[in-house]
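In structure tokens, the next block holds one chain alone, the form predicted alone.
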């Protein structure tokens, strides 16, 4: 047996070591749930664990779970936590990352850190759901103008995207499968846009129909997948990429079904 001569931090009592494990992986779970890339999750878990007194943290991050082992003076604790997706929340990611630096610098002990993480985990969304519906509708409508749409297409896109976003929120609230949610939202958005353009008020129907489904574009999974591949997490990168591809296919299915039912054809 090879003796470990590396320097060790002061020994932690069992409860403190358990907290170093639990709190660090809890923070990582929150990051992973809300759209952080794998490197940020691993760095944050390691920073908190060592900041709370562990000698080292060995961390495995997958696309939907974290496995971590904390080490202190030859004592080990290992824990696994699932991280089901809760949606993108960059503000929460920034706050948890800031907490990790405070823990690493000794400004937060394990008791204060637990209180802050609990507060963040149960924090209500920063924006009212109807503000989000309004903002998404306006964003998609603005993009319809970039696509060359006229003012009528702007109004049609706004109504279609806003109503589709409201439906998406409601379906997600009932924890339905994301494939069903994505396809249904794409179907409603493009279907409403197609019905709106059938009135003949818009001379640019394709702009309205195309822009109405852009609220579903998987930008964050694509970006995180690329970052994971670059940063040396190939399995996570592939998993995120496949997830993004499935979302794109669902958009295509919903859009195609709506155009088939309404009989609208795009030039």
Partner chain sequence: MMILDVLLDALLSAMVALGFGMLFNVPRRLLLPVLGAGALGHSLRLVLLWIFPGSLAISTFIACVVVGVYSQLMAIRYRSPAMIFQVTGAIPMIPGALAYEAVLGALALGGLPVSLMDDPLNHLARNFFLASVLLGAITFGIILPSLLFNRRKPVV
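Numbering follows the first chain given and starts at 1. What you are looking at is a predicted structure, and each value in this text was computed from that prediction instead of being measured.
Although not depicted, the form predicted together with the partner chain is the subject of the following passage.
If you check the partner chain in the model of the complex, you find a heavy atom from every one of 91, 94 and 143 within 4.5 Å.
None of 138, 167, 112, 176 but one reaches within 4.5 angstroms of the partner chain in the model of the complex through a heavy atom, and that residue is 138. Only one of 202, 29, 63, 210 comes within 4.5 Å of the partner chain in the model of the complex through a heavy atom, and that residue is 210. Under a 4.5 angstroms non-hydrogen atom cutoff, the partner chain in the model of the complex lacks residue 16 among its neighbouring residues. The partner chain in the model of the complex is not approached by residue 53, whose heavy atoms all lie more than 4.5 angstroms from it. Heavy atoms of residue 125 reach within 4.5 Å of the partner chain in the model of the complex, making it an interface residue. The partner chain is not shown here, and in the model of the complex it never comes within 4.5 Å of any heavy atom of residue 237.
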